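The chain below stands alone, shown as structure tokens; this is the form predicted alone.
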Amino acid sequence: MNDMTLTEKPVNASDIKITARNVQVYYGTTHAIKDVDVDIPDRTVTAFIGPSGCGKSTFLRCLNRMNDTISICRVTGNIALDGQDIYDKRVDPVQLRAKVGMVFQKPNPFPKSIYDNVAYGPKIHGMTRSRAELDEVVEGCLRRAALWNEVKDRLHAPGTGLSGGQQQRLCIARAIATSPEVLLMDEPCSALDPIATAQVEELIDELRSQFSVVIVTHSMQQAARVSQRTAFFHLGNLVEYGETGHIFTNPSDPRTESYITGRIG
């Protein structure tokens, strides 16, 4: 999945999907994220790693304006998707989240059928013109989430009746059903057993051929397995960002090395 290399290859400007400049996040008077500058490439898995409470999930939630739902949260700076400022007043957060999908830590299927979980986004965004088209989208997304063969005979059974790993893959199918350009994943395997984790990791590797995938993970081994680029956060700062192989084998900052070798965490 991941070429461990010590040579840092620059990312071409044309490959950048998301740019963040001077991003600050405040929860009330607490300064949670400080001065983050980052370029996230397209068709790549980017991992955010760091100790608990370091800001990695908070920053991830800035990328589809999920922090808008927290009344005391304030975000400043600039975050652009394909050059467009996502915090511009003219940007509808609902439309933005169709483009920047999200999968959460704990599988959270809707209390609906497996079919309706996947069909929900395309329906509310008016993306299909007929039931046949919708059927096609649902099947396609369940196939891409490596779930179709397991559920094709019980599409009208509740999504909540699936196993934990299947529920998480259903949530991934639901997230990709609106044809997003970016897929955010906040510790998507932390509630799963090792077999389900391996299935989701394999899926993440396949999805990067179509999406820019950004994953927050508390597992350095997972970051090393699935990502091509890694960002290390510590105490609200983005300490270091670069090729995964470089970050893990030859980090530039002593704090990164301390975290990776287990001295801070």
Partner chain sequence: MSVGVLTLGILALAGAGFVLGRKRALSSVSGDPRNLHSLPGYHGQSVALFTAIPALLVMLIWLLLQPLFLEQRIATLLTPADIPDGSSQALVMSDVHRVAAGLDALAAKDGLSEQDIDLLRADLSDIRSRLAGVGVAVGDAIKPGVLTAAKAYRLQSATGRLVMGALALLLAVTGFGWSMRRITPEFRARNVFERFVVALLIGASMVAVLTTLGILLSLVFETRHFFQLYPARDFFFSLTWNPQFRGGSDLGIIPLLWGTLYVSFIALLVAVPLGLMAAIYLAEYAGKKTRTLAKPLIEVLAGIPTIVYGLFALITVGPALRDWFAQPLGLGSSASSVMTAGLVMGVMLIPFVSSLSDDIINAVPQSMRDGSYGLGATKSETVKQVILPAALPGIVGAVLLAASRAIGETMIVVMGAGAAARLDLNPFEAMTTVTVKIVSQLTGDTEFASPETLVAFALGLTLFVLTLGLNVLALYVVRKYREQYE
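Numbering follows the first chain given and starts at 1. What you see is a predicted model; the values in this text were computed from it and never measured.
Absent from the display: the form predicted in complex with the partner chain. The rest refers to it.
Novice: Which one, S190, N78, N108, S163, lies within 4.5 Å of the partner chain in the predicted complex by heavy atoms?
Specialist: Partner contact (heavy atom, 4.5 Å) among the options: N108.
Novice: Could you tell me if T178 has a non-hydrogen atom within 4.5 Å of the partner chain in the predicted complex?
Specialist: Yes - in the predicted complex, heavy atoms of T178 and the partner chain come within 4.5 Å of each other.
Novice: Counting only non-hydrogen atoms and a 4.5 angstroms cut-off, does I124 reach the partner chain in the predicted complex?
Specialist: Contact check for I124: yes, within 4.5 Å of the partner chain in the predicted complex.
Novice: Would you classify Q222 as touching the partner chain in the predicted complex, given a 4.5 Å non-hydrogen atom cut-off?
Specialist: Contact check for Q222: no, nothing within 4.5 Å of the partner chain in the predicted complex.
Novice: Is there a heavy atom of M102 no more than 4.5 Å from a heavy atom of the partner chain in the predicted complex?
Specialist: Yes, contact at 4.5 Å.
Novice: In the predicted complex, does every one of K56, N237 and I260 come within 4.5 Å of the partner chain, counting any heavy atom?
Specialist: Result no, not one residue of the spot touches the partner chain.
Novice: Going by the partner chain in the predicted complex, which residues of 63 to 79 come within 4.5 Å of it through any heavy atom?
Specialist: Heavy-atom contacts within 4.5 Å come from N64, M66, T69.
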